[in-house]
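Just one chain follows, in the form predicted alone, and it is written as structure tokens.
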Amino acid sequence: MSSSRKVIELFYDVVSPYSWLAFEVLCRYRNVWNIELKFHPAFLGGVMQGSGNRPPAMVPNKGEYLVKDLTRLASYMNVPLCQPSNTFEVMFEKGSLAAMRFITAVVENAKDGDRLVENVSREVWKRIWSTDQDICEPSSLSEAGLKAGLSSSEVEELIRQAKSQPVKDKLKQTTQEALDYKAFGFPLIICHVDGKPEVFFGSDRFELMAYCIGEKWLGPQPDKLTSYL
């Protein structure tokens, strides 16, 4: 392992299950790869529109494949991910704008680095992709915030800020930053190597990512592997 810390940025939206997989794996590799992991909550809908892309699930054969793929990956990566009862409604009718504004408000108020952002993001992901709960209503986001360790007063203030223009603008700005990296979907992972950004899309590029940053890929559960070495 090299001594200098490498910066890795993750652009994500909680509506994306593949982003959750990438998020959990990168969190596990924080110390294994000696990286500084930076979270950038953004709006996937804005990236899809800005890049001219369309959701893969809109193609029936792709949608059927993705369900099977996510089931296998959830087991392989040890992430408690399962399909919502109505995936189309969750992803395309309800969406994630309110949730991403809430997480953006957390980013803007975080005092302990990204740990709180990590915890809140994970709790919101769990609601949509593990326990099949709403992520649109303020009461649902409040519950996620409380489970992540926020106080009732902090949650109330974040819910208020999530509706403010500065937070809305910040989310738009972060989404545009992803588009500036030529994003066409999430997760978008940026590895800064020798002053140059290496851009990766998806949750299946970790082996190549490790090669590019001069580290070793030990699988999606590095702690489990190293405990046997």
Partner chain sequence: MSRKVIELFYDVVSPYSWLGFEVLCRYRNVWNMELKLRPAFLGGIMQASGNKPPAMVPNKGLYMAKDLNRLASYMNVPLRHPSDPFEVMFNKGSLPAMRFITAVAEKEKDGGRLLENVSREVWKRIWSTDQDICEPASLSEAGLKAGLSSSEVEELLGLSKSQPIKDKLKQTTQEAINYEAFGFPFVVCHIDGKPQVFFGSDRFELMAYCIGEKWLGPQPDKPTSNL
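Numbering follows the first chain given and starts at 1. On a predicted model such as this, the values are computed, not experimentally measured, just so you know.
The protein also exists as the form predicted together with its partner chain; that form is not presented, and the subsequent description refers to it.
- Although the partner is absent from this view, residue 18 contacts its partner chain in the predicted bound form, with a non-hydrogen atom inside 4.5 angstroms.
- Although the partner is absent here, residue 67 is not a contact residue: none of its heavy atoms lies within 4.5 angstroms of its partner chain in the predicted bound form.
- Taking non-hydrogen atoms only, residue 183 approaches its partner chain to within 4.5 angstroms in the predicted bound form.
- Although the partner is absent here, residue 76 is a contact residue: one of its heavy atoms lies within 4.5 angstroms of its partner chain in the predicted bound form.
- Stretch 192 to 200 is the answer when you ask which of 156 to 164, 34 to 42, 169 to 177, 192 to 200 has residues with heavy atoms within 4.5 Å of its partner chain in the predicted bound form.
- In the predicted bound form, 51, 52, 53, 59, 60, 61, 62, 64, 65, 68, 69 are the residues of 44 to 69 with at least one heavy atom within 4.5 Å of its partner chain, listed from first to last.
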